[in-house]
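Both blocks below hold the same protein chain, though in two forms, and each is given as structure tokens: structure 1 and structure 2.
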Structure 1
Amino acid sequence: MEKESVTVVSDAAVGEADVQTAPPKKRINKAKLQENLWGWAFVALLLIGTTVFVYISFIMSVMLSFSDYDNMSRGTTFWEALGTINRDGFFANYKIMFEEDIMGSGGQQAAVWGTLLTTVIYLIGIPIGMVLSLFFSVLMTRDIKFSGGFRVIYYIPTVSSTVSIALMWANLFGGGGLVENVFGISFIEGATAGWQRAAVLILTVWKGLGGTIVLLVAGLNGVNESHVEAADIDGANAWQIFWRIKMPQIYPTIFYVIVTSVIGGMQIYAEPALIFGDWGSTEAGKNVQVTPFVGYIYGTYNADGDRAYASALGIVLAIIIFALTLIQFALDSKKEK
């Protein structure tokens, strides 16, 4: 179909090209040139910003990860350090992630993989939140009054400041706090790692619910009404209508939510850091089981000042997030087949 139209047009295009070689070309070019110039002018700042603060920063981060620049190397400036290579070899900072620490103080390997596992465990909140928000958004799209009001109320935790929410959580779920009094479960002080992680999971699900609900309600409202009616007339029940008619139509929204929340979830930092303290700030803070990967990056930098190693960890995080996103898109394209 497309090829056909191209062949038809190509004849006309040849004719047009002949005409365009005539004088008018110059005038068009002037307008064209102006549009070109203005186009570049309008995108210039964004382009510079993206280049400097993302791409060049990323390249610097990669270069830094091969160096051994830390707080100790006071003599060398950052710019000098960029070109250097770690005296233990090019990939020294990456190698330690896979080696047990010789000094026997916990070991980098245990910390890297432990914090990564913790981050992945925190991702469990995504499917839980997805199911809950699907449930609530289906209820909200029923023909009831105040559904808009409910949507606003459910969105309140999402807009609230993470710092305030996390500190409140630490008190609410903390030792002797309300949750322990009501449910008899100790979540934070003296609790097992499982319950401590559960406290963070509940927090992230609670905080993220509103945003997902708003997106899903928008998706459900956009479902083609005539399809639903047709299914209803054919005798499908509400359950079937939901799974067969509505679900495929809101699938893009669900996919969008999952992709963005996996990317965001891998970068979780503030909630665990505020509830359990920074990695490395105290001895108790060196808890692999509650500190997420970003907490480890920040902690390594903050406590040890090892900028090169922290950059290497950052690059690993970027690769993991990129891989996860690719996998999700691959699964998505497979499903469409």
Structure 2
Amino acid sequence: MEKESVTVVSDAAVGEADVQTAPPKKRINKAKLQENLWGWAFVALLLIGTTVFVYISFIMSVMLSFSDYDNMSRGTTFWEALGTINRDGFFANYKIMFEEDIMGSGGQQAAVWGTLLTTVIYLIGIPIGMVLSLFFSVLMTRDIKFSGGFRVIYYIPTVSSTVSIALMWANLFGGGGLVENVFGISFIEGATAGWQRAAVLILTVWKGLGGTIVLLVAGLNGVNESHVEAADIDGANAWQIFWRIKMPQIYPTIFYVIVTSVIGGMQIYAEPALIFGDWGSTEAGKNVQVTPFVGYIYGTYNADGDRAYASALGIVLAIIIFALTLIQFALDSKKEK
């Protein structure tokens, strides 16, 4: 009897221990679940749109760039051509951009490199805009009257319609415009390539100032004031404080602006096309002095009807942008080391 009671007690103790060590069942937090569902509902359209119009479209563009679409009959649908391979070779659509025509005038090769050079020249506006934005942002962080009003004034071009600004620019810098009447210089009709490109550069710098100034002002307002005060006590002048104290702290903002500006600058299209009319994009390779690379792609697709070749050009542009971005990040990491 004594042994049996010991056994019963020990079994009960083991059962109690099992109950204590057993993990508690997870209860579903209905409020948190509902919050997550609402969150996914709000971002669902963005996710679907990005997946369909960015990732899937990019994959299809890559497939089309290797296809035989341009050599097929015009009745061929996009879906029929998507799985084909160019009869002249897998990379035939990419080789076209490096070919010269029979007369030796450069052909597609001249158009590709000419429009790429024009795009790179338009990128000159990025450092110019950065220097001007830094200058104005420093002024706006000082205790100057109406500085808030100036911020609004400088930001207006950023939110204004690109079409309306470009049309205004064409009238302002074109023949019979204010600039020609005052300075005797026409930037558009009958002007050299240098003046025509200058008109686009001035527009892009002026239009981009507002957004960059807002970001830099926010960065400058976030500078640690104790560092500024310590430098001031040590006898540093205004330039030394800005260059040694403030610049390193707003460098992440500057880096972000430069990277996004280069990505956007390589895709410039609307401004030259609207200012110069059909010079900008309606015919591939036409007037490469003002036509950017994206304008050449649109001209190849719309005017010439070469869908596969235009896709190959688009992929090349994507590779160039990706390479430039990698170089910038590499230089940034090298600077940090």
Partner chain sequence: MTEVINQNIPSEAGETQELNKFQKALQAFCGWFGYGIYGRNSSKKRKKIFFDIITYIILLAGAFTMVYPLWWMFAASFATNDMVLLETVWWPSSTVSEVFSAFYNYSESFTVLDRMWNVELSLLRSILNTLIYSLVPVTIGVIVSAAAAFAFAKLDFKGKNFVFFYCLAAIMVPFPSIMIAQYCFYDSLNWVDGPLAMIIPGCFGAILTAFFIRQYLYGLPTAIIEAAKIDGAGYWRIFWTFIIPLAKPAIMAQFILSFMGSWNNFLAPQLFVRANEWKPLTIAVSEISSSGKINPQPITMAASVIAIVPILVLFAIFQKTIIGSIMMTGSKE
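Numbering for residues begins at 1 and runs along the sequence of structure 1. Take the two forms, superpose them, and find the largest set of C-alpha atoms that agree within 1.5 Å; that set is the rigid core. Just so it is clear, the structure is predicted and the values come from calculations on it, not from any experiment.
Student: Is structure 1 or structure 2 the form predicted on its own?
Tutor: Answer is structure 2, the other one does not fit.
Student: May I ask for the C-alpha shift of L45 between structures 1 and 2, in Å, based on superposition of the rigid core?
Tutor: Residue shift at the C-alpha: 5.0 Å.
Student: Keeping the rigid core superposed, can you check how far the CA atom of Q34 moves between structures 1 and 2, in angstrom?
Tutor: Q34 is displaced by 10.3 Å at its C-alpha.
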